[in-house]
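Next up is one chain by itself, shown in structure tokens, the form predicted on its own.
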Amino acid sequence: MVTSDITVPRRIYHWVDFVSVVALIITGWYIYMPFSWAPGLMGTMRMIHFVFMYIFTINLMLRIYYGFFGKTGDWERFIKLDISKDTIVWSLKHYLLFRDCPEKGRCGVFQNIAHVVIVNLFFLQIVTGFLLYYPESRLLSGLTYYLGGLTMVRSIHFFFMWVMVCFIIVHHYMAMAEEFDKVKLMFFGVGKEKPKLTELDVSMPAGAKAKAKK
């Protein structure tokens, strides 16, 4: 059964994030290594890349805010790792051998790790991206020097772009293997169960709301 915490704000974030990441990957690849079959597009690609850089950054900040103050209160998924030998073994059986989970949440350790890692990776990409965007900034130049200069920052930024590509592939495989109906709900709002929460209610922290219900 589809979980009821995939609300409209989460779906909007996911769509904006998905489109932004795809746009950033394509344009970033071109900026680093212009395609021989599409010459003369550097100015356009850089402009698109920078626009989506801001969209991606703002979208991430809003998602973190919603994680803390939204009614689903799912902020822990971005910072808390729930790892044990049992969950690792069952997750491997689930994703590699297609075994059913003995109980809900027991096979999601890799998704949990992925959420924590990808948020930190997003922040790393944002920081290195701004270092490249503002190379003459006095505020940022010290960090650029510490990381080995603009050439090294550019290589780090490009390398982690490919890490993000691998993450996207693995993340979608795990999501579809775990619960395909949940993927349909996330992308299209179509599922066996609709969200039961008041989706846009962010008037107070989720923890306080939970206590108020008690």
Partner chain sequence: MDILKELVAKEINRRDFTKLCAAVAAVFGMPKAFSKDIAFAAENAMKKPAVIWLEGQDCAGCSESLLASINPSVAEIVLDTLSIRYHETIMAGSGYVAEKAREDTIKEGGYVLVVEGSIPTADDRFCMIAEKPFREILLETAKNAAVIIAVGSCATFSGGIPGATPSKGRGVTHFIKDKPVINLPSCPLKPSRLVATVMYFLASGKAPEMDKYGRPLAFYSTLLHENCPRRGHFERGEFVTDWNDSGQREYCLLLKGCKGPKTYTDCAQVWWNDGANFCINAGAPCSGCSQPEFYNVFSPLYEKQQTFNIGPNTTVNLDTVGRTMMGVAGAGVIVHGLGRLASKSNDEEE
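Rigid core (definition): largest C-alpha set, two forms, superposition within 1.5 Å. Positions refer to the first chain, counted from 1. What you are looking at is a predicted structure, and each value in this text was computed from that prediction instead of being measured.
The same protein also has a form predicted in complex with the partner chain, omitted here; what follows describes it.
- Three-residue candidate spot 115, 118 and 123; no residue lies within 4.5 angstroms of the partner chain in the model of the complex by any non-hydrogen atom.
- Contact annotation: residue 138 falls within 4.5 Å of the partner chain in the model of the complex, judged by heavy atom distances.
- For residue 78, no non-hydrogen atom is located within 4.5 Å of the partner chain in the model of the complex, even though that partner is not displayed.
- Looking at residue 186, you'd find every heavy atom of it more than 4.5 angstroms from the partner chain in the model of the complex.
- Using a 4.5 angstroms limit between non-hydrogen atoms, residue 54 is distant from the partner chain in the model of the complex.
- Checked against the partner chain in the model of the complex, the candidates 48, 26, 60, 156 yield a single residue with a heavy atom inside 4.5 Å, and that residue is 156.
- In the model of the complex, not one residue of 54-87 has a heavy atom within 4.5 Å of the partner chain.
- Annotation: Cα of residue 96 displaced by at least 2 Å between the shown form and the other one, core superposition.
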